[in-house]
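Quick setup: one chain, the form predicted on its own, written in C-alpha cells, and binding and motion questions come after.
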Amino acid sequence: MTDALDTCWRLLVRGAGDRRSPVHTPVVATTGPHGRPDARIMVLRGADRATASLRFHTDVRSPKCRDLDGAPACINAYHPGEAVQLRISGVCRLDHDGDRADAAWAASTPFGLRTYLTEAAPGTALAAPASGLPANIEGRAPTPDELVPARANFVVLMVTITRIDWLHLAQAGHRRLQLCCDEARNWQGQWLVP
C-alpha cells in the first residue's frame, strides 16, 4: 500500500510542477446545476501530501464556481508511461481573497494571468471566435499594471482529497487499490479486483 500511495503523490507533485507531465492536466468532474455531471480539463497547480490537497486556478465569474464551494469533485488523471490511472475524490473549496489566493497570484506568470482579463465571464456567447481579451492584450503578456483588474477574477480551487483509486495496468495482470484519507490525514488501503 505504501508504494502505491508514494506513487500517487509522486505523480501528482510532478504533475503540478511539470507542464509536460500527463498528470498536469487532469479531468475535474463535478455535479452541475440540476444534478447533471460536468467535467472539464484543468491545470493542476499544486499537490500537497501533508494536507492531502490539490490546487487549481479558475475565474470566479465562471458558472462552475457557483457549484463548487463545499461540493464533491472527482479528478481523473492517467500517466501512460507508468500505466497508472488515478481517480481522486474530494471536497472543493474556493479561496478568492485569502492568503492562499494571494500567494498563488503572486507566483503566477503575467502571461498565465492574462486569461483573467477577459472582458466577459467564461461561457459568455460571442458573435465570432475570439479570446475575449482586450484588443491591446491579445498575443502578448500584460504588464503588472495591466493585470491589476484581473486579480478580482482570480480564484483558487482547493480539493481536499478523501479517496484515491489507484489502478496500475500491467500485461501480467492489473492491480487496483482504494486509498481513503481521514480528517487526521491517515491513509487506509483496500485492494480491489481491477
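Because the structure is predicted, anything quoted here is derived from the model rather than measured. Throughout, we count residues from 1 along the sequence that is shown.
Omitted here: the form predicted together with a small molecule. The next part is about that form.
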**Segment that reaches the small molecule in the model of the complex - one of 162-170, 142-150, 125-133, 55-63, heavy atoms within 4.5 Å** = 55-63
**Request:** Give a yes or no for T25: in the model of the complex, does one of its heavy atoms lie within 4.5 Å of a heavy atom belonging to the small molecule?
**Result:** yes
**Asked** At the 4.5 Å heavy atom threshold, is R40 in contact with the small molecule in the model of the complex?
**Response** yes
